[in-house]
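First comes one chain, alone, set out as structure tokens in the form predicted alone.
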Amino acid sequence: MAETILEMKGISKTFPGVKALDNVNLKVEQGEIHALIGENGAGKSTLMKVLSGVHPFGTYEGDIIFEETECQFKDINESEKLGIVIIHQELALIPELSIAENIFLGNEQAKNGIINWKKTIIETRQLLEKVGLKLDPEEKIKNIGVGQQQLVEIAKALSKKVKLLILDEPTSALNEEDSENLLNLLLEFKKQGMTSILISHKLKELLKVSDSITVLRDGQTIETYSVKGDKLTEATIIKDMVGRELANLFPERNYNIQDRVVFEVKNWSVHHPLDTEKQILHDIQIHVKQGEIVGIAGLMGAGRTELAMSIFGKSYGKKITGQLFKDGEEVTFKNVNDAVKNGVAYVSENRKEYGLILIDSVKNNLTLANLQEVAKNNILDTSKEVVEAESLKTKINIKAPTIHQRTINLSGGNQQKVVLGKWMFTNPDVLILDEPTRGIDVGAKFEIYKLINELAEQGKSIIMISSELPELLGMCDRIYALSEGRITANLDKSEANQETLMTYMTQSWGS
């Protein structure tokens, strides 16, 4: 019988107006990969923050028993000393510091207050080798990809003599290849006896690598399964997560596509904002009709986000050339305001950095992009703002106690709804969605998909960027493939499948 490394008993945690955890129980065996799954707001991250000391002893009810010892962590340093290390969804690396400096930040290899850089570099190389990275320890974080940064975070955890590694949505920002590499690394760690807790919404990944899966719903433990013993299916997990069956992952759509081209991009070329000799996008040609959902598929680094941001008021890039047409007439967007005034909106892939003011209320975030609508003679009409925010909250089903709730306290899915609501409030003709369901569970995804379909049915033109090919295939009428900054295909829904898209997404143009 396997030895239990962690047991959490009767954990309850309350925030103002919200009971985030209600008598949750979790048992993790030594050397297993234990998945934790549930809708956004189910309490997964809160439970792990209780475990790691982010929410210190005294702020929750219940017991934590690690390696047969009851623990009362006052902060994250105390949990790390025992070998419990958490890697959050938002990576905590400092871009301007080197890999070595990041790995040993707060854990410096020093004697008498003086850092031993030789030892730091040697140990960094050894740690990078363990996670399969062949990088210079002195390379700055800002110069490496997101997948590599995720592995640096794991190397940092290994430097702390980790016994229990907690990963919160580790593959949400990774492409398929990087995700596969990371999951294989976890399986390798398992062979070496390490225990992992994996939080993810990607059910296929969890079923592939996990030994056990615990489902949370509304802050309560619903069930713990043995993956192999219980012969788990995605349908079973989804039903436990959302409390109902989702017959289809994608909602039905009433098509309302018109022949009229609403937005067109011609001969669009963009250079890197710092290295202006480096061309990122080459002669892009795309268009979207009224009521159409058009997808853009590409691997990380293909230029998807760079395309969206450069179109949206030149938010990215230098030496931008090409033409934009709205309703058949050429338009010029010198800045974001120009784009918004011309009926174009952009939902960023990074909702927390570019989409929301997290410390502000739901109300203020929802109305922020169109304050003129709730102002009279340039003076904010707070009563009208409340009415409009309440209407949006109801319309897109934002789960928050009130519109005055701080946005930071919402689940990821509800934060994403706030971002969508913010741009819906500008009443755009063209909506560019960059990874609109990243880090969101299947239930919340379904609601976002319904919103997107409703917007298309109302005659809005949607451009949708996603790393998840099934999502593009399930939602889009046409899909452009992007590789190395060039459009390589324009496929109707009937022509597209994962294999065809991947072929065009990996087409190489040489040096």
Partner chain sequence: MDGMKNLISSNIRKFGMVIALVGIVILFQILTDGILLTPLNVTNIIMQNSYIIVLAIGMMLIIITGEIDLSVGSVAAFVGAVAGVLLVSWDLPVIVGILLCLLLGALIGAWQGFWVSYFNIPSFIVTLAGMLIFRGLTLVVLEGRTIAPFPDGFRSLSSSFLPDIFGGGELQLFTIVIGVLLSVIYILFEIRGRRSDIKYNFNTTTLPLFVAKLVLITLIINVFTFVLAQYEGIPYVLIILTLLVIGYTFLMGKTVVGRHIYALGGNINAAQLSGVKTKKMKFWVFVNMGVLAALSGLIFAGRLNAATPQAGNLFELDAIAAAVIGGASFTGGVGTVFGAVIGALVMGVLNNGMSLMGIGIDWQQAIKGLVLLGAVAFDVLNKNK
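Numbering follows the first chain given and starts at 1. No experiment lies behind these values; they were computed from the predicted model shown.
Omitted here: the form predicted in complex with its partner chain. The next part is about that form.
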* Using a 4.5 Å heavy atom cut-off, state whether Ile114 contacts its partner chain in the predicted complex. => no
* Is there a heavy atom of Val227 lying 4.5 Å or less from a heavy atom of its partner chain in the predicted complex? -> no
* Can any non-hydrogen atom of Asn335 be found within 4.5 angstroms of its partner chain in the predicted complex? -> yes
* Asked: With the partner left out of view, is His287 within 4.5 angstroms of its partner chain in the predicted complex by any non-hydrogen atom?
  -> no
* Taking Leu368, Glu385 and Trp423 as a possible spot, do all three reach its partner chain in the predicted complex with a heavy atom inside 4.5 Å? -> yes
* To do: Heavy atoms, 4.5 Å, its partner chain in the predicted complex: which of 127-135, 193-201, 259-267, 374-382 makes the cut? Say which one.
  => 374-382
* Asked: Of the options Gln149, Ser212, Asn364, Thr120, which one has a non-hydrogen atom that comes within 4.5 Å of its partner chain in the predicted complex?
  -> Asn364
* Asked: If you check Glu96, Glu277, Glu252, Glu353 against its partner chain in the predicted complex, which one has a heavy atom within 4.5 Å?
  -> Glu353
